[in-house]
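The form predicted on its own is given below as one chain in structure tokens.
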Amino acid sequence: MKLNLARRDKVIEKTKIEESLKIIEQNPDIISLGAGEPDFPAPKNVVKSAEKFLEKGYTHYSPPQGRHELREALVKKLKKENKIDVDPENIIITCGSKEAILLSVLTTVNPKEEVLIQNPGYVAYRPIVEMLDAIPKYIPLREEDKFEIHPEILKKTITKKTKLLILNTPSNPTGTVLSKKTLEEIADIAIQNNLTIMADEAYEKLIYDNEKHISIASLNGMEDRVITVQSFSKSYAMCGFRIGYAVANERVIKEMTEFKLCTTLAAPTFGQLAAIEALKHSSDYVKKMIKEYDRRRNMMVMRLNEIPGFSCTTPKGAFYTFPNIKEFKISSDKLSDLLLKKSKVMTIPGTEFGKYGEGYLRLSYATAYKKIETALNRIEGYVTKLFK
């Protein structure tokens, strides 16, 4: 008997990331610059806190909206760090930020309505939108604009069907940190067109060169128009704890909580309690991670600009570089394949993040410094021959 699958199974395409991970598992000689998670372990105090709560029997469900003590701790964090003034009823705790993204779209967008997505942009946005029978529309980002959203291009992308705008700052894959000026222009456009904004701020703490992360929800008039999505995965190297959260007006959070009853029910209880420890006592560890990422970033950008065929601007946030490889005159997918086969280095083609990512590769510096050096030396050794 042949099982009939729903049409939405075609929405989730096989990605280069997924294919490459299988190759790496089979070949330990390959160095991966494709990592989308910190290579640091979670802070020791957070791990000990999780162990303590597990030993005390915190192995049962939490309330769907999340434990009150974590939401109270986040109220203080949001006010101090993001200038977002809320109370615990404005927060829902989710299984990572990806669930928060799913719940945000479920809550705000009807079938056949449009969702604006940065392109190149995070790989999960389009499948989530299409799974829910909504329509993704793309805002092309250009290197000459420093991969920031150009307000005039944004205006031209909006139609009467447009309901939601997804912002990602700092950005995956470009490392762009949206300026206050750009955010203010986007806020004005959202108000004029009655758009909801979902602000994905998963990389909010990973900022360099004295740049400043600004939450668009903190701007005047935006508090009821924005769903802010944040996470412990990147900032605190707590990917496996699966703790993310969303901040919005109480009506939106109530709807998201009702949908959560049909998704994961609750985020892990021990993880929520350990997250409080992270908020209170892990700031030095976060600073240490950022300092090391910065060291790797500077080296990677310098080395990429020395390698024939590569041109790399300096990212201001996250832990990715997004070098231009158009000089090779082949697709980013083809070059990524060649680097994997000939140099034994895994990179991610820019087209994984949308069609406007063609001509670029994503290289992660969430990898040990020495490994990055070795990987870039291998790449240089191979591509130099192509330009002789």
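All residue numbers are counted from 1 along the displayed sequence. As the structure is a computational prediction, the values presented were derived from the model and not from experiment.
The protein also exists as the form predicted in complex with a small molecule; that form is not presented, and the subsequent description refers to it.
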Handout entry: Answer range among 155 to 163, 201 to 209, 281 to 289, 262 to 270 for contact with the small molecule, defined in the predicted bound form as heavy atoms within 4.5 Å
Key = 201 to 209
Fill in the blank from the handout: Heavy atom within 4.5 Å of the small molecule in the predicted bound form, from candidates Lys316, Lys234, Arg297, Arg126, belongs to Lys234
Problem - Listed residue (Ala190, Val226, Ile101, Ile91) with a non-hydrogen atom within 4.5 angstroms of the small molecule in the predicted bound form - result: Ile101
Exercise for the section: Indicate whether Thr196 is a 4.5 Å heavy atom neighbour of the small molecule in the predicted bound form. Expected result: no
Practice task
Answer for Ser215 alone: is it within 4.5 Å of the small molecule in the predicted bound form, judged on heavy atom distances?
Solution key: no
Handout entry: Heavy atom of Phe147 within 4.5 Å of the small molecule in the predicted bound form
Key = no
Problem - Distance check, Tyr122 to the small molecule in the predicted bound form, heavy atom within 4.5 Å - result: yes
